[in-house]
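Take a look at this one chain, the form predicted alone, written out in C-alpha coordinates.
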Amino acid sequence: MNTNNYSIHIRKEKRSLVRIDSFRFFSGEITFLFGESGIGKSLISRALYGLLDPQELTISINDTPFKQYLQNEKTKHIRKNSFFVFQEPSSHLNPLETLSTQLNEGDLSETGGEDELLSRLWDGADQLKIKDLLSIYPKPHRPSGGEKQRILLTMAFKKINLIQKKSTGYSDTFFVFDEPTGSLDNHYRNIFLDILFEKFEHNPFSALIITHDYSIISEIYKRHNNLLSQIRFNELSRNGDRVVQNDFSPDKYLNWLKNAPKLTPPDQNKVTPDNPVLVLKSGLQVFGYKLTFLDKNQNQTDIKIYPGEMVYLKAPSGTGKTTIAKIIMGLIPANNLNMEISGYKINEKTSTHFYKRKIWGKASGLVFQHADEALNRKSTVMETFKGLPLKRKDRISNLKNQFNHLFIKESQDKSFLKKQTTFLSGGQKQRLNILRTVILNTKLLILDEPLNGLDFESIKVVLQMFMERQQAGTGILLISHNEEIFGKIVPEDKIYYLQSEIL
(Lines give C-alpha, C1' and ligand atoms only; values in the text may rest on other atoms or scores of the structure.)
Protein backbone atom coordinates (compact mmCIF):
# COMPACT_ATOMS: atom_id res chain seq x y z
CA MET A 1 0.00 0.00 0.00
CA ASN A 2 1.18 3.55 -0.77
CA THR A 3 1.86 5.96 2.07
CA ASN A 4 0.73 9.54 1.50
CA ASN A 5 2.89 11.87 3.59
CA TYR A 6 2.22 15.59 4.02
CA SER A 7 3.66 18.53 5.93
CA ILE A 8 0.85 20.98 6.67
CA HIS A 9 0.77 24.45 8.20
CA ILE A 10 -2.50 26.37 8.63
CA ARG A 11 -2.54 29.94 9.94
CA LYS A 12 -5.11 32.65 10.46
CA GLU A 13 -3.44 36.03 10.17
CA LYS A 14 -0.39 35.70 12.47
CA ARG A 15 -1.76 32.87 14.61
CA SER A 16 -0.82 29.28 13.84
CA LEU A 17 -3.88 27.00 13.99
CA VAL A 18 -2.15 23.71 13.32
CA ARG A 19 1.27 22.64 12.14
CA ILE A 20 2.35 19.07 11.49
CA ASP A 21 5.57 17.99 9.80
CA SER A 22 4.41 14.51 8.82
CA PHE A 23 0.76 13.56 8.42
CA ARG A 24 0.22 10.13 6.86
CA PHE A 25 -2.73 8.30 5.41
CA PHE A 26 -2.50 5.02 3.60
CA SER A 27 -3.96 4.18 0.20
CA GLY A 28 -6.28 1.20 0.24
CA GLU A 29 -6.51 1.16 4.04
CA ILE A 30 -8.81 2.52 6.74
CA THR A 31 -7.20 4.77 9.33
CA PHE A 32 -8.90 5.57 12.63
CA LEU A 33 -7.58 8.86 13.97
CA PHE A 34 -7.90 9.67 17.69
CA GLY A 35 -6.81 12.72 19.68
CA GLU A 36 -8.36 15.47 21.78
CA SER A 37 -10.97 17.73 20.25
CA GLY A 38 -9.56 20.87 18.65
CA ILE A 39 -6.05 19.51 18.14
CA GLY A 40 -6.42 19.89 14.36
CA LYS A 41 -7.78 16.59 13.04
CA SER A 42 -10.66 18.21 11.15
CA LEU A 43 -8.57 21.11 9.83
CA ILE A 44 -5.88 18.76 8.52
CA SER A 45 -8.38 16.50 6.76
CA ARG A 46 -10.27 19.46 5.28
CA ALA A 47 -7.03 20.92 3.99
CA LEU A 48 -6.02 17.68 2.28
CA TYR A 49 -9.50 17.31 0.80
CA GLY A 50 -9.37 20.91 -0.44
CA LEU A 51 -12.26 22.29 1.61
CA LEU A 52 -10.63 25.27 3.32
CA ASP A 53 -10.90 28.84 2.05
CA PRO A 54 -7.52 30.28 0.95
CA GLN A 55 -9.02 33.77 1.31
CA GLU A 56 -9.54 33.26 5.06
CA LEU A 57 -6.56 31.09 5.94
CA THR A 58 -2.91 30.88 4.95
CA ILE A 59 -2.23 27.24 4.12
CA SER A 60 0.81 25.39 2.85
CA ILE A 61 0.96 21.68 2.05
CA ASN A 62 4.41 20.20 1.42
CA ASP A 63 5.67 23.80 1.23
CA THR A 64 3.23 24.45 -1.62
CA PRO A 65 0.69 27.32 -1.39
CA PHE A 66 -2.86 26.03 -0.99
CA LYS A 67 -4.13 27.51 -4.25
CA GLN A 68 -1.46 25.58 -6.11
CA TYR A 69 -2.27 22.40 -4.15
CA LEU A 70 -5.91 22.70 -5.23
CA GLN A 71 -4.81 22.64 -8.87
CA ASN A 72 -2.88 19.37 -8.53
CA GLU A 73 -4.35 16.56 -10.58
CA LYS A 74 -4.27 14.22 -7.57
CA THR A 75 -6.21 16.71 -5.46
CA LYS A 76 -8.82 17.04 -8.20
CA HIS A 77 -9.14 13.25 -8.47
CA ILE A 78 -9.54 12.90 -4.71
CA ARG A 79 -12.40 15.39 -4.62
CA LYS A 80 -14.06 13.76 -7.62
CA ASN A 81 -13.76 10.20 -6.34
CA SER A 82 -14.44 10.66 -2.60
CA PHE A 83 -16.83 12.09 -0.04
CA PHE A 84 -16.44 14.10 3.17
CA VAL A 85 -18.85 13.36 6.03
CA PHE A 86 -18.86 16.47 8.20
CA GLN A 87 -18.78 16.39 11.98
CA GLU A 88 -21.75 18.76 12.01
CA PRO A 89 -24.17 17.51 9.34
CA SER A 90 -26.08 20.81 9.24
CA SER A 91 -23.03 22.43 7.63
CA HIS A 92 -23.50 20.15 4.60
CA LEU A 93 -27.27 19.75 4.30
CA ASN A 94 -29.13 22.44 2.34
CA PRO A 95 -32.24 23.77 4.15
CA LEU A 96 -33.75 24.77 0.79
CA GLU A 97 -33.84 21.23 -0.63
CA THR A 98 -35.53 18.08 0.60
CA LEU A 99 -33.34 15.28 1.94
CA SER A 100 -34.47 13.11 -0.97
CA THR A 101 -33.17 15.67 -3.48
CA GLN A 102 -29.84 15.93 -1.68
CA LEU A 103 -29.41 12.15 -1.60
CA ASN A 104 -29.33 12.29 -5.40
CA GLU A 105 -27.35 15.47 -6.00
CA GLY A 106 -24.58 15.48 -8.60
CA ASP A 107 -23.18 12.09 -9.54
CA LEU A 108 -24.98 10.39 -6.62
CA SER A 109 -27.94 10.10 -8.98
CA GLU A 110 -25.89 7.66 -11.08
CA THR A 111 -25.89 4.85 -8.53
CA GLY A 112 -28.53 2.80 -6.77
CA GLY A 113 -28.63 1.00 -3.45
CA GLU A 114 -30.24 3.95 -1.68
CA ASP A 115 -33.30 2.05 -0.38
CA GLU A 116 -31.18 -0.76 1.05
CA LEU A 117 -28.78 1.69 2.73
CA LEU A 118 -31.58 3.70 4.30
CA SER A 119 -33.32 0.56 5.53
CA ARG A 120 -30.15 -0.71 7.17
CA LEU A 121 -29.12 2.62 8.68
CA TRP A 122 -32.65 2.99 10.09
CA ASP A 123 -32.51 -0.62 11.30
CA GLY A 124 -35.36 -1.88 9.15
CA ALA A 125 -37.75 1.00 9.88
CA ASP A 126 -41.02 1.14 7.99
CA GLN A 127 -40.50 2.45 4.43
CA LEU A 128 -43.34 4.95 4.85
CA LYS A 129 -41.55 6.44 7.84
CA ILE A 130 -38.33 6.76 5.84
CA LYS A 131 -40.22 8.25 2.86
CA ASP A 132 -41.78 10.84 5.18
CA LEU A 133 -38.33 11.70 6.56
CA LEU A 134 -36.89 12.19 3.07
CA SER A 135 -39.57 14.76 2.23
CA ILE A 136 -38.25 17.08 4.96
CA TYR A 137 -36.43 20.33 4.32
CA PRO A 138 -33.75 20.09 7.03
CA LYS A 139 -34.07 22.48 9.96
CA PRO A 140 -32.02 22.86 13.16
CA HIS A 141 -34.51 20.76 15.15
CA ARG A 142 -35.59 18.30 12.44
CA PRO A 143 -34.44 15.79 11.50
CA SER A 144 -32.57 14.91 14.69
CA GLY A 145 -28.79 15.05 14.82
CA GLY A 146 -28.58 11.27 14.53
CA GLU A 147 -30.89 11.21 11.51
CA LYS A 148 -28.91 13.96 9.77
CA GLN A 149 -25.73 11.99 10.44
CA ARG A 150 -27.20 8.86 8.86
CA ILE A 151 -28.34 10.84 5.80
CA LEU A 152 -24.72 11.95 5.24
CA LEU A 153 -23.50 8.39 5.75
CA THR A 154 -26.00 7.22 3.13
CA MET A 155 -24.58 9.78 0.69
CA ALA A 156 -21.02 8.63 1.41
CA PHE A 157 -21.93 4.98 0.88
CA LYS A 158 -23.67 5.86 -2.39
CA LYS A 159 -20.45 7.53 -3.51
CA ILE A 160 -18.51 4.38 -2.59
CA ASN A 161 -21.02 2.34 -4.64
CA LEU A 162 -20.39 4.64 -7.60
CA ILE A 163 -16.60 4.41 -7.35
CA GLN A 164 -16.72 0.63 -7.06
CA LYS A 165 -19.14 0.43 -9.97
CA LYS A 166 -16.66 2.35 -12.12
CA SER A 167 -13.81 0.16 -10.81
CA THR A 168 -11.80 3.25 -9.90
CA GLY A 169 -8.56 2.36 -8.09
CA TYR A 170 -8.14 3.30 -4.44
CA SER A 171 -5.03 5.44 -5.09
CA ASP A 172 -7.15 8.54 -5.82
CA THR A 173 -9.75 8.08 -3.08
CA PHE A 174 -9.82 9.77 0.32
CA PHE A 175 -13.13 9.22 2.10
CA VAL A 176 -13.23 11.24 5.31
CA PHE A 177 -15.70 10.47 8.11
CA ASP A 178 -15.37 13.22 10.72
CA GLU A 179 -16.98 11.99 13.96
CA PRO A 180 -19.48 9.89 11.95
CA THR A 181 -20.96 8.28 15.06
CA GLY A 182 -20.95 11.25 17.43
CA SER A 183 -24.76 11.41 17.40
CA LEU A 184 -25.30 7.64 17.24
CA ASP A 185 -25.59 5.09 20.02
CA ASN A 186 -23.52 1.90 19.86
CA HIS A 187 -26.22 -0.04 17.99
CA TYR A 188 -26.33 2.38 15.05
CA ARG A 189 -22.57 2.90 15.23
CA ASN A 190 -22.11 -0.84 14.69
CA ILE A 191 -24.49 -0.81 11.71
CA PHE A 192 -22.33 1.94 10.18
CA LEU A 193 -19.18 -0.11 10.76
CA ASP A 194 -20.79 -3.23 9.25
CA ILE A 195 -21.67 -1.41 6.03
CA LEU A 196 -18.30 0.34 5.84
CA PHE A 197 -16.30 -2.86 6.17
CA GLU A 198 -18.58 -4.83 3.82
CA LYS A 199 -17.93 -2.28 1.08
CA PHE A 200 -14.24 -2.16 1.90
CA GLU A 201 -13.94 -5.94 1.59
CA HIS A 202 -15.73 -5.83 -1.76
CA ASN A 203 -13.24 -3.34 -3.19
CA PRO A 204 -10.77 -1.45 -0.93
CA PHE A 205 -10.68 2.35 -0.83
CA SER A 206 -8.78 4.90 1.26
CA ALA A 207 -10.64 6.22 4.30
CA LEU A 208 -9.86 8.36 7.32
CA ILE A 209 -12.23 8.08 10.28
CA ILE A 210 -11.85 10.80 12.92
CA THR A 211 -13.32 9.78 16.25
CA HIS A 212 -13.16 10.08 20.03
CA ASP A 213 -14.88 6.72 20.48
CA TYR A 214 -12.15 4.36 21.63
CA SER A 215 -14.73 1.57 22.11
CA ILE A 216 -14.73 1.25 18.30
CA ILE A 217 -11.50 -0.69 18.83
CA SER A 218 -13.34 -3.38 20.82
CA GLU A 219 -16.02 -3.70 18.15
CA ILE A 220 -13.43 -4.12 15.40
CA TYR A 221 -11.51 -6.75 17.35
CA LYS A 222 -14.71 -8.66 18.14
CA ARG A 223 -16.40 -8.65 14.74
CA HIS A 224 -14.00 -7.41 12.05
CA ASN A 225 -10.62 -8.80 13.07
CA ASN A 226 -10.17 -10.36 9.62
CA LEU A 227 -9.47 -6.83 8.35
CA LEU A 228 -6.94 -5.79 10.99
CA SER A 229 -4.05 -5.97 8.51
CA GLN A 230 -5.75 -3.19 6.52
CA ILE A 231 -6.79 -1.03 9.48
CA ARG A 232 -4.57 1.46 11.28
CA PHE A 233 -5.10 3.23 14.60
CA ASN A 234 -3.35 6.60 14.92
CA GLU A 235 -3.48 9.44 17.43
CA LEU A 236 -2.57 13.12 17.23
CA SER A 237 -0.86 14.78 20.20
CA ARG A 238 0.92 18.05 20.89
CA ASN A 239 4.66 18.54 20.88
CA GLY A 240 5.45 22.18 21.59
CA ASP A 241 4.02 24.34 18.81
CA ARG A 242 3.47 21.33 16.55
CA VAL A 243 1.18 18.35 16.32
CA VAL A 244 2.55 14.85 15.84
CA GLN A 245 0.92 11.70 14.51
CA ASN A 246 1.74 8.44 16.30
CA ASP A 247 0.50 4.88 16.17
CA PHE A 248 -2.07 4.11 18.84
CA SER A 249 -1.76 0.57 20.15
CA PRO A 250 -5.19 -1.07 20.48
CA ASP A 251 -3.85 -3.07 23.43
CA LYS A 252 -3.39 0.18 25.32
CA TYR A 253 -7.15 0.61 25.39
CA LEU A 254 -8.18 -3.06 25.49
CA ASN A 255 -5.92 -3.92 28.41
CA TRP A 256 -7.05 -0.86 30.34
CA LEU A 257 -10.69 -1.79 29.71
CA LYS A 258 -10.07 -5.35 30.86
CA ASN A 259 -8.78 -3.98 34.18
CA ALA A 260 -11.08 -0.95 34.31
CA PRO A 261 -11.36 0.61 37.78
CA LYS A 262 -14.38 -0.45 39.83
CA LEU A 263 -16.47 1.70 42.13
CA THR A 264 -15.63 1.22 45.80
CA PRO A 265 -17.95 2.04 48.72
CA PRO A 266 -17.77 5.65 49.90
CA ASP A 267 -16.18 6.70 53.17
CA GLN A 268 -18.97 6.00 55.67
CA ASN A 269 -17.84 8.96 57.77
CA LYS A 270 -18.77 11.30 54.90
CA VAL A 271 -22.19 9.98 53.90
CA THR A 272 -25.70 9.75 55.28
CA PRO A 273 -27.07 6.81 53.25
CA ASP A 274 -30.70 7.27 54.37
CA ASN A 275 -30.96 10.72 52.76
CA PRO A 276 -30.92 10.67 48.93
CA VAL A 277 -29.28 13.58 47.11
CA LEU A 278 -31.73 13.17 44.22
CA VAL A 279 -35.20 11.71 43.82
CA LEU A 280 -36.72 12.23 40.37
CA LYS A 281 -40.17 10.78 39.81
CA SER A 282 -40.94 9.07 36.52
CA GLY A 283 -43.55 10.51 34.15
CA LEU A 284 -42.48 14.13 33.78
CA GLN A 285 -43.61 15.88 30.61
CA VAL A 286 -41.66 18.19 28.33
CA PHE A 287 -41.86 19.34 24.68
CA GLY A 288 -44.97 17.20 24.10
CA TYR A 289 -43.32 14.00 25.36
CA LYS A 290 -43.73 11.92 28.49
CA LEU A 291 -40.40 10.75 29.92
CA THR A 292 -40.25 7.64 32.06
CA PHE A 293 -37.42 5.71 33.72
CA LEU A 294 -36.95 1.95 33.60
CA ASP A 295 -34.80 -0.35 35.73
CA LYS A 296 -32.64 -3.23 34.47
CA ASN A 297 -35.76 -5.42 34.18
CA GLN A 298 -37.52 -2.74 32.10
CA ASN A 299 -39.98 -1.97 34.88
CA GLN A 300 -40.98 1.66 35.40
CA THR A 301 -39.22 3.23 38.37
CA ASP A 302 -38.03 6.54 39.82
CA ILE A 303 -34.42 7.69 39.86
CA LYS A 304 -32.91 7.74 43.34
CA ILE A 305 -29.31 8.62 44.03
CA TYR A 306 -27.77 8.35 47.49
CA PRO A 307 -24.49 9.86 48.69
CA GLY A 308 -21.55 8.00 47.19
CA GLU A 309 -23.59 6.39 44.39
CA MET A 310 -22.84 6.70 40.68
CA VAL A 311 -25.95 6.17 38.57
CA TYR A 312 -25.87 5.79 34.80
CA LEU A 313 -28.80 6.98 32.62
CA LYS A 314 -28.90 5.35 29.18
CA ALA A 315 -31.04 5.97 26.10
CA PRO A 316 -30.70 6.28 22.32
CA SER A 317 -29.58 9.63 20.94
CA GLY A 318 -32.37 12.20 20.86
CA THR A 319 -34.49 10.55 23.58
CA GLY A 320 -33.99 13.38 26.07
CA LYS A 321 -31.03 12.59 28.34
CA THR A 322 -29.59 16.11 28.17
CA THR A 323 -33.10 17.49 28.65
CA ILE A 324 -33.34 15.50 31.92
CA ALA A 325 -30.04 16.99 33.13
CA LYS A 326 -31.26 20.52 32.42
CA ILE A 327 -34.65 19.88 34.02
CA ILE A 328 -32.94 18.77 37.22
CA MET A 329 -30.94 22.01 37.22
CA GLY A 330 -34.03 24.14 36.54
CA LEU A 331 -32.79 25.24 33.11
CA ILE A 332 -35.75 23.70 31.22
CA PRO A 333 -39.31 23.76 32.63
CA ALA A 334 -41.29 20.52 32.76
CA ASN A 335 -44.83 19.54 33.67
CA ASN A 336 -45.68 16.85 36.21
CA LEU A 337 -42.29 17.43 37.83
CA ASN A 338 -41.80 15.85 41.23
CA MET A 339 -38.23 15.99 42.50
CA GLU A 340 -36.07 16.31 45.58
CA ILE A 341 -32.50 17.60 45.61
CA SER A 342 -30.73 17.27 48.97
CA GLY A 343 -34.09 17.36 50.74
CA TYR A 344 -35.45 20.37 48.83
CA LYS A 345 -38.83 19.52 47.28
CA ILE A 346 -39.14 20.84 43.73
CA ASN A 347 -42.00 20.89 41.24
CA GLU A 348 -42.99 22.71 38.05
CA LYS A 349 -43.84 25.84 40.05
CA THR A 350 -40.40 26.18 41.65
CA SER A 351 -38.88 29.54 40.72
CA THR A 352 -35.55 30.22 39.06
CA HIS A 353 -34.68 32.34 42.08
CA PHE A 354 -34.91 29.24 44.28
CA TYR A 355 -32.54 27.26 42.01
CA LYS A 356 -30.09 30.15 42.03
CA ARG A 357 -30.22 30.53 45.83
CA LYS A 358 -30.26 26.85 46.86
CA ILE A 359 -29.28 24.56 43.99
CA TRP A 360 -26.80 25.98 41.48
CA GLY A 361 -23.26 25.32 42.60
CA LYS A 362 -24.48 24.55 46.12
CA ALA A 363 -26.63 21.41 46.20
CA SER A 364 -25.98 20.40 42.59
CA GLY A 365 -23.52 21.04 39.78
CA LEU A 366 -23.75 20.23 36.07
CA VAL A 367 -20.91 19.47 33.69
CA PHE A 368 -22.50 20.54 30.41
CA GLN A 369 -22.32 18.33 27.33
CA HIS A 370 -20.76 21.19 25.37
CA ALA A 371 -18.10 23.17 27.21
CA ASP A 372 -19.01 26.38 25.34
CA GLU A 373 -22.36 26.36 27.16
CA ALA A 374 -20.57 26.72 30.49
CA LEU A 375 -17.52 28.83 29.70
CA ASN A 376 -17.20 32.51 28.88
CA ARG A 377 -15.10 32.57 25.72
CA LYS A 378 -13.72 36.01 26.56
CA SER A 379 -12.50 34.97 30.02
CA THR A 380 -8.99 33.73 30.59
CA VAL A 381 -8.35 30.32 32.12
CA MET A 382 -7.65 31.97 35.49
CA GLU A 383 -10.77 34.14 35.29
CA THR A 384 -12.91 31.05 34.76
CA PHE A 385 -12.61 30.25 38.46
CA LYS A 386 -13.33 33.76 39.73
CA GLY A 387 -16.65 34.09 41.53
CA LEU A 388 -16.63 30.48 42.72
CA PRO A 389 -16.91 30.00 46.52
CA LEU A 390 -13.28 28.94 46.99
CA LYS A 391 -12.04 31.48 49.55
CA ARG A 392 -10.88 28.91 52.10
CA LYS A 393 -7.19 28.04 51.78
CA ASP A 394 -7.81 24.31 51.62
CA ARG A 395 -10.22 24.74 48.70
CA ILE A 396 -7.80 26.99 46.80
CA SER A 397 -5.01 24.48 47.44
CA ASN A 398 -7.26 21.66 46.20
CA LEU A 399 -8.02 23.63 43.02
CA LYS A 400 -4.30 24.09 42.32
CA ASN A 401 -3.60 20.39 42.86
CA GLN A 402 -6.50 19.28 40.67
CA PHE A 403 -5.57 21.80 37.96
CA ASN A 404 -1.97 20.55 37.83
CA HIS A 405 -3.23 16.97 37.65
CA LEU A 406 -5.76 17.65 34.89
CA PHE A 407 -3.52 20.02 32.90
CA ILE A 408 -0.16 18.30 33.26
CA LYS A 409 1.47 19.78 30.14
CA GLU A 410 -0.27 23.15 30.25
CA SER A 411 0.61 23.79 33.93
CA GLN A 412 4.27 24.04 32.91
CA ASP A 413 3.42 27.05 30.74
CA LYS A 414 2.78 30.16 32.90
CA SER A 415 1.11 31.95 29.99
CA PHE A 416 -1.62 29.29 29.80
CA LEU A 417 -3.54 30.77 32.77
CA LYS A 418 -3.76 34.07 30.86
CA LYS A 419 -5.02 32.46 27.67
CA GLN A 420 -8.60 33.24 26.59
CA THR A 421 -10.82 30.17 26.54
CA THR A 422 -11.85 30.93 22.96
CA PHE A 423 -8.31 29.96 21.90
CA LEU A 424 -8.26 26.66 23.81
CA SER A 425 -8.67 23.34 22.08
CA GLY A 426 -11.94 21.47 22.54
CA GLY A 427 -10.24 19.00 24.88
CA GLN A 428 -8.78 21.80 26.99
CA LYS A 429 -12.20 23.46 27.21
CA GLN A 430 -13.78 20.20 28.30
CA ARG A 431 -11.23 19.65 31.07
CA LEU A 432 -11.79 23.24 32.23
CA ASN A 433 -15.56 22.68 32.08
CA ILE A 434 -15.20 19.56 34.25
CA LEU A 435 -12.85 21.10 36.80
CA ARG A 436 -14.93 24.26 37.22
CA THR A 437 -17.92 22.16 38.32
CA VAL A 438 -16.24 19.28 40.19
CA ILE A 439 -14.19 21.65 42.37
CA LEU A 440 -17.44 22.98 43.94
CA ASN A 441 -17.90 19.67 45.80
CA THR A 442 -21.69 19.75 45.47
CA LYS A 443 -23.69 16.88 46.96
CA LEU A 444 -25.09 16.00 43.53
CA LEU A 445 -22.91 16.04 40.41
CA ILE A 446 -24.49 15.65 36.96
CA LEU A 447 -22.13 14.64 34.17
CA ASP A 448 -23.54 15.08 30.65
CA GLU A 449 -21.22 13.39 28.13
CA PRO A 450 -18.18 14.22 30.29
CA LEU A 451 -15.70 12.41 28.01
CA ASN A 452 -16.57 14.58 24.98
CA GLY A 453 -13.46 15.65 23.09
CA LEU A 454 -10.93 13.95 25.40
CA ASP A 455 -7.96 11.85 24.40
CA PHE A 456 -7.31 8.52 26.09
CA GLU A 457 -4.91 9.82 28.75
CA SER A 458 -7.33 12.59 29.73
CA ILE A 459 -10.18 10.07 29.91
CA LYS A 460 -8.28 8.06 32.51
CA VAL A 461 -7.49 11.17 34.58
CA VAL A 462 -11.07 12.51 34.66
CA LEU A 463 -12.51 9.08 35.46
CA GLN A 464 -10.23 8.91 38.47
CA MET A 465 -11.41 12.39 39.50
CA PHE A 466 -15.08 11.31 39.29
CA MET A 467 -14.45 8.18 41.32
CA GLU A 468 -12.65 10.18 44.00
CA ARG A 469 -15.71 12.41 44.29
CA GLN A 470 -17.96 9.35 44.50
CA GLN A 471 -15.80 7.82 47.23
CA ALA A 472 -15.95 11.13 49.13
CA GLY A 473 -19.75 10.87 49.23
CA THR A 474 -20.90 12.79 46.15
CA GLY A 475 -23.94 11.37 44.37
CA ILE A 476 -23.32 11.27 40.61
CA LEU A 477 -25.77 11.12 37.71
CA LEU A 478 -23.95 10.07 34.57
CA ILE A 479 -25.19 10.58 31.00
CA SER A 480 -22.95 9.24 28.25
CA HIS A 481 -22.73 7.39 24.93
CA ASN A 482 -19.58 5.68 26.21
CA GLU A 483 -21.52 2.54 27.11
CA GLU A 484 -18.53 0.22 27.05
CA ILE A 485 -16.50 2.28 29.52
CA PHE A 486 -19.25 3.19 31.98
CA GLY A 487 -20.93 -0.19 31.67
CA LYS A 488 -17.71 -1.61 33.14
CA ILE A 489 -17.57 0.89 35.98
CA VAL A 490 -21.22 1.26 37.05
CA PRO A 491 -23.03 -1.78 38.57
CA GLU A 492 -25.99 -3.09 36.58
CA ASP A 493 -28.49 -2.25 39.33
CA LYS A 494 -27.38 1.40 39.16
CA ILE A 495 -28.19 1.72 35.45
CA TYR A 496 -31.49 3.37 34.46
CA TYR A 497 -33.04 3.56 31.01
CA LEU A 498 -34.91 6.59 29.66
CA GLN A 499 -37.98 6.12 27.52
CA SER A 500 -40.03 8.81 25.75
CA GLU A 501 -43.50 8.69 24.22
CA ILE A 502 -45.59 11.33 22.48
CA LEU A 503 -48.40 12.68 24.64
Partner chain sequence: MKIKISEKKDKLWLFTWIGGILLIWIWDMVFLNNPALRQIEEGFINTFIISFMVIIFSLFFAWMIIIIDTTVNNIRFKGIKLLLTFILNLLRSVPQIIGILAGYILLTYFITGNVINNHLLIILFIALIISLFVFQEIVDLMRERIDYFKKSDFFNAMSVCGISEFRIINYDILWKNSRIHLLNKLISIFGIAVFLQCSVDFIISVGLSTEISRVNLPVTLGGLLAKIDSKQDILAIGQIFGNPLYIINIFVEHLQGITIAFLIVFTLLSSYKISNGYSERYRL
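Please read all numbers here as calculations on a predicted model, not as lab measurements. Residue numbers count along the first chain shown, from 1.
There is another form of this protein, the form predicted in complex with the partner chain, and it is not shown here; the text below is about that form.
Although the partner is absent from the chain shown here, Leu331, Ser364 and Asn376 each have a heavy atom within 4.5 Å of the partner chain in the model of the complex. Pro389 is the sole member of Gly288, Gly112, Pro389, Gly124 with a non-hydrogen atom lying within 4.5 angstroms of the partner chain in the model of the complex. Only one of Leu52, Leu440, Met467, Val461 comes within 4.5 Å of the partner chain in the model of the complex through a heavy atom, and that residue is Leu440. Not displayed here, the partner chain is kept clear of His224 by more than 4.5 Å at the level of heavy atoms in the model of the complex. Though the partner is left out of this view, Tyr312 does not reach within 4.5 Å of the partner chain in the model of the complex, counting heavy atoms only. Using a 4.5 angstroms limit between non-hydrogen atoms, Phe192 is distant from the partner chain in the model of the complex.
In the model of the complex, no heavy atom of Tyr306 sits within 4.5 Å of the partner chain. Picking from 432 to 440, 474 to 482, 26 to 34, 43 to 51 the stretch near the partner chain in the model of the complex, with a 4.5 Å limit on heavy atoms, gives 432 to 440.
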